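Okay, here we've got a single chain as C-alpha cells, the form predicted alone, with questions on binding and movement later.
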C-alpha cells in the first residue's frame, strides 16, 4: 500500500499540487523561519515566502552586496543598525501611515533608529532583554535582583556567561553605574576588574545553544546575558527556569523589519511587513520555535495565553522597559577595545 501511494505521488501531475502565484524572498533571523508564522500570510496572499537565515548585520550586508537588485524583498535587522543599512542604500522608505505603530509600546516605536531624515526605513517588530536567567530551584530569586550577588562567592562555579561581548559588557557597565551610551575606550578600563571577577566566578562562556543546555541540565544555575529569549522556549519542559532584570538594569535587544531597496514587489513586501507587525503576526513571532521574545505591538497580548504571558513576564513590561537600555553602539576604536577586553577575559 505504501509503495502504491508513493508511486501515485511521484506520477501525479504538477496541477495536482497548488502552486503559489507569487514568491517573496526574505532575509531573516531564525525566528522568522517558523511555519506557524509564515503559513497564515502565505495562505492569505497566495504566496510562497522563501527565507534565508543570517546572523549579524555584517553578514546580512554581505549577502545583499553579493545579490542582484530584486533578489531580496524584505529584511530583518538589528534596530540599532537600521541607519547604517539604510545609509548603504539597502533599505527602501516605507509609508509610516501604513504601519500600526500607534498600537506599539511607546519605547518600541524607536523613531530615532527607524526613521532617517523624516523617512521610515524599518519598523520594530520584536524585543527582549539580555539580563539574568536562572534556575529558581537552585538559587535565591531575591539574589538575582542585584548583580553584586554574582561575584559574592555564593554562586562560584555555577554561572555561565553568554558569549557575546556587547550585551555582557553592557551589563557589567550597568553594574558599575555606566550607561550603555557612555561606554567608550576610557570607560572600559573601569570594567576590566568586575569583568574578570565575573569570569573567575563562572564555569563557562558559551553560545546560545550551549547556554540553554547548561541551564536546562543543571550544569550551571545562572546565565549572565540570558533573558526570556534563552528560557521561555524551554519553559514547558523546564518550569523551574526563570529570568529577571536586576535593580542595576538590563539591556534591551530590538529587531526591525524593512523593505529591501530594489525589490520588484514593493506592495507585497509592505504587506508582509504589515502582517509581521499586526497583532496576529506579532503573537506568532513572539512564540517562535527558534526563540521567544516580546511583541512590540501591545494588542498581541490579547492573543497570548496566560501561560505565555507569565513566561514572558508580560505584565512587567512597563517597568522593565523603563529600566532597560539599548545595546552599546561603539565607534571603531571602542569596538576594538571591547573585543580585546573580551578576548582577554576568555583567555583568563
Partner chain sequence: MSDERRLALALVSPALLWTLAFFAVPFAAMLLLSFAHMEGRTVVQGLSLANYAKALGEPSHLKALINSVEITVTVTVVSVALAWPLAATIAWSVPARWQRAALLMAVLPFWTSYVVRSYSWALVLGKNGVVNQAFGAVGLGPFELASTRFATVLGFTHFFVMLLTLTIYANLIQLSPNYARAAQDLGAGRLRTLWHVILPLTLPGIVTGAFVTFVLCIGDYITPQILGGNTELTLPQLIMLQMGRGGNFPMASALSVILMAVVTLAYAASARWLRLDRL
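Nothing here was measured: the structure is a model prediction, and the numbers come from that model. Residue numbers count along the first chain shown, from 1.
Omitted here: the form predicted together with the partner chain. The next part is about that form.
Residue 207 within 4.5 Å of the partner chain in the predicted bound form, heavy atoms: Because a heavy atom of residue 207 falls inside 4.5 Å of the partner chain in the predicted bound form, the answer is yes.
4.5 angstroms heavy atom contact with the partner chain in the predicted bound form for residue 217: Because a heavy atom of residue 217 falls inside 4.5 Å of the partner chain in the predicted bound form, the answer is yes.
4.5 angstroms heavy atom contact with the partner chain in the predicted bound form for residue 166: Although the partner chain is absent here, residue 166 would touch it in the predicted bound form, with heavy atoms inside 4.5 Å.
Proximity of residue 335 to the partner chain in the predicted bound form, heavy atoms at 4.5 Å: Heavy-atom contact with the partner chain at 4.5 Å: present for residue 335.
Heavy atom within 4.5 Å of the partner chain in the predicted bound form - residue from 43, 316, 322, 62: Looking at 43, 316, 322, 62 one by one, just 62 meets the 4.5 Å heavy-atom criterion.
271, 136, 119, 84 - the one with a heavy atom within 4.5 Å of the partner chain in the predicted bound form: Contact residue from the list: 84.
Listed range touching the partner chain, judged in the predicted bound form by heavy atoms within 4.5 Å, from 141-149, 229-237, 103-111, 207-215: Heavy-atom contact with the partner occurs in 207-215.
Within 4.5 Å of the partner chain in the predicted bound form, all of 29, 34 and 305 (non-hydrogen atom): The answer is no: none of the three residues contacts the partner (heavy atom, 4.5 Å cut-off).
Contact set, 309-348 vs the partner chain in the predicted bound form - heavy atom within 4.5 angstroms: Counting only heavy atoms within 4.5 Å of the partner chain in the predicted bound form, the contacting residues of 309-348 are 330, 331, 332, 335, 336, 339, 340, 342, 343, 344, 346, 347.
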